[in-house]
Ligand code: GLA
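Read the single chain below, which is given as structure tokens and is the form predicted on its own.
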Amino acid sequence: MKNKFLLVLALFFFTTLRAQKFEGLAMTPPMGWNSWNTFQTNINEKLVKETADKMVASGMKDAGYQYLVLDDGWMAMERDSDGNLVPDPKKFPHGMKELVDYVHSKGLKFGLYNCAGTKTCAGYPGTRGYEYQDARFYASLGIDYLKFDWCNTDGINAKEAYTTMSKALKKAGRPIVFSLCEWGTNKPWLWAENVGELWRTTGDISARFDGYLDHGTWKQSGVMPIVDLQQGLRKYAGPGHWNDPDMLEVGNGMTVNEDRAHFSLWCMLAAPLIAGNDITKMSKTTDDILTNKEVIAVDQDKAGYEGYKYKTMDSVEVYVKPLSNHNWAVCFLNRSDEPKTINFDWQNELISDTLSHETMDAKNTNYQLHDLWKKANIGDTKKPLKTTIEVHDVLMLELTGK
């Protein structure tokens, strides 16, 4: 009798844990745009409407980008007399609901930002102590995505704070994708699968390929240091719960090669694709990178496996990602400051992935090679791959077995 009681109790707690967040959200990594990387707190309703229009006109919506997310700075500096958040009346003279409805009218989804602390990173009202009230407010606006930051959190337990907000969103009744922007400090990959749909694994990104941008008291990481920090985390990601290495810096000042490499690596990592550039003024080259559907398909593959670094060959790093239907994506990255020539003999590489239980065996399967940036077939795995990869550039392939 005692064992039966314990079993029922265990099932109750398991069911409660599973039911903590809405099921079925973000079954592939979320795609969208966020205001912070380019505009910081300099946001307003004109910018939002122009961005929504451009997301449609540029082909981003058609390529899969859904969420338009306003980051820090959308609210007034104080709550009202009832403790409610108030959109800044100067930046958003028609209120937030009208703006949400406009974005929805374009076939897009809308997201907002707040913080687990007493104040946001830019000093606006945080959510600590107002979780359920704020969740009801977001639901009343009809938003679809909440980015929840980690500033001004002295003495606050991360797991408790994010779990409370997750429960508040569930209680409010509107399915909202919950993005935990906790910077990886408290290892959210260990506890956040049933709390939110994605969690940051690092501090903030910067528009540089390698190294750091030093602000004195804190640093922004370049693309490659962030990629390096993803090692060992892939087992925690999958449909509905993703590792988030931060937003994209494509179009924000790196070279074309670096932008292409950055985007390719995020797709190999099954990372959320949240653009952070000014898309109302982006070049055709930037647009072409962000909307390459063949590369995006690797990120959005329904199997949901995160790729990983397989090996390094004279500064050329080889990343592999198992895909649906026993196919593979392979990305050769030249991390060095000079062009590199590779000679990769597929016949000598037996790649076995213990997570997906997939094996790439070119001796027994002849894979067709498709270049995802040139959008062209370039042969098969019967012959070694011989090519030169330019500085900070990639060769990204899909391997399809016959």
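Throughout, we count residues from 1 along the sequence that is shown. This structure is a prediction, so every number in the text was calculated from the model and none was measured.
Separately, the form predicted in complex with the ligand exists; it is not shown, and the next lines address it.
Taken together, the three residues 181, 200 and 247 all lie with some non-hydrogen atom within 4.5 angstroms of the ligand in the predicted bound form. By the criterion of a heavy atom within 4.5 Å, residue 242 is excluded from the residues contacting the ligand in the predicted bound form.
Contact check for residue 36: a non-hydrogen atom falls within 4.5 Å of the ligand in the predicted bound form. For residue 145, no non-hydrogen atom is located within 4.5 Å of the ligand in the predicted bound form, even though that partner is not displayed. When the ligand is considered in the predicted bound form, residue 72 lines it closely, a heavy atom lying within 4.5 Å. Residue-level contacts in the predicted bound form: of 110, 263, 113, 162, one residue has a heavy atom within 4.5 Å of the ligand, and it is 113.
When the ligand is considered in the predicted bound form, only one residue from 158, 135, 121, 226 comes within 4.5 Å through any heavy atom, namely 121. Of the candidate stretches 283-291, 100-108, 145-153, 166-174, only 145-153 has residues with heavy atoms within 4.5 Å of the ligand in the predicted bound form.
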